[in-house]
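The chain that follows stands alone, in the form predicted on its own, written as structure tokens.
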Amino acid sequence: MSNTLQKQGRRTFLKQATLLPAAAGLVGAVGAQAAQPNRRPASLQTDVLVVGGGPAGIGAAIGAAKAGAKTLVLEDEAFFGGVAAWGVGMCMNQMRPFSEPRGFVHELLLEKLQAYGDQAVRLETHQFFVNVEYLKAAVLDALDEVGCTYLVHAKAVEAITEGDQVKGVVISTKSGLQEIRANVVVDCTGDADIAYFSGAPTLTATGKLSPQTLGLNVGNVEGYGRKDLMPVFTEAREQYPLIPDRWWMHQVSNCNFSYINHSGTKTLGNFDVTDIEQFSKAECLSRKQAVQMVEAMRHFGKGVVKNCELVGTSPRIGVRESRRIEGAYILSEEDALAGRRFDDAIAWRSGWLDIGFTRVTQMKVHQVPYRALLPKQVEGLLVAGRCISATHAGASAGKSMGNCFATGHAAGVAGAMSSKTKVSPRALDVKEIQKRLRQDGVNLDRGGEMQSREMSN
């Protein structure tokens, strides 16, 4: 089935779905609610609508609200934070590169985390090591401070379009499908969902994709040595075939348990999470994998490792790459290696080019042009985070959380300006966006610096 027909089919289904409550009144449904057949929730209206509450979405929501726009951010999970929260303690990289503040949105989140004390966060070279439960609360505190409204349990299932204009989204709720309309929409879904739903062209890498990973927490491993894990890697695979090649354990903030980040599905298959069958398979295999990892450590580990206990796992797998927009400029590996600068720079990316446990390459700090946030063929839509316009390797150069906060911040500021001036995001004066970002503490003069190993992801 063609891409166009698939989208037409989905839209027809969604329109028909809105008629189902009315139809229910014709079949003699039992109960008092049958007398009120059409209970579809009323539509909502906002200036800037941010879809997705991960690092990019948090940056966009704070940036837009601070710039004065009436802002609503949607998240389909029960909490905000995205992979920072799903990662069960995995550090938030590139939040303070060069040990310097990166901008208002990064520092506001740090301020709210530090308000909870040393159990919430500790800082290292460029990372925030966070306890995710404090993080979930700190994000809400940050959104509240700038006056941003928010909804959780709100999954966007369609884009509302009029001609080439994106006018909002349709969300799935417990009360049925609901429209949320906005002057500007910012797609921070990580998978370019809204861009795809709206008909904008998208990019998906072919061949070997970066693996997905289900993070896990373990206890009773204080003081372990890496040598205590080596027998697990050399002897356990026959009994526990799903385990990754190797992994290490790292302390969560200042707590007494550790998190494990690992190569996940790398040896289990190549999964495209925009395909529901592949996404489901990757998720379910990862659940089994996490249990096998802990059992392998208990049976084959040495020292304290053999006493480890499974504390918990991420609520869902973390995705390193999937669908991205095709924008007016496509960031590439060459841009990252050369430390390229752009006249329309609205952010910069630091770290190392890291293709998920496949290849890690030293790169330079490089700028992100505003053009990479603008999808082709549609108006009224901005994109931020790991689904901006980039090649397979170009995307891997910028997926660290601090970089996603930065592009989100820029998209939020641009969205607020577009809403206020009634000028399409594509037609905005980039110098005005840059001016506002500088006022928010963003140094747009960076670019070209080589980074040490301490700055790796």
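Treat the numbers as computed from the prediction; the structure is a model and nothing was measured. Residue indices: 1-based, along the sequence shown.
One more form of this protein exists, namely the form predicted in complex with a small molecule; it is left out here, but the text below deals with it.
Here is the short version: of F257, W247, W86, Y150, the single residue with a heavy atom within 4.5 Å of the small molecule in the predicted bound form is W86.
The single contact residue among P369, G318, G301, G339, judged by any heavy atom lying within 4.5 Å of the small molecule in the predicted bound form, is G318. Checking 92 to 100, 108 to 116, 223 to 231, 267 to 275 against the small molecule in the predicted bound form, the stretch whose residues place heavy atoms within 4.5 Å of it is 92 to 100. Residue contact check for G82: one or more of its heavy atoms lie within 4.5 Å of the small molecule in the predicted bound form. Contact annotation: S332 falls outside 4.5 Å of the small molecule in the predicted bound form, judged by heavy atom distances. When contacts are judged by a 4.5 Å heavy atom cut-off, A416 does not count as touching the small molecule in the predicted bound form. Contact between D76 and the small molecule in the predicted bound form is found at the 4.5 Å heavy atom cutoff. Site residues V51, T213 and C404 are all in contact with the small molecule in the predicted bound form, judged by any heavy atom within 4.5 Å.
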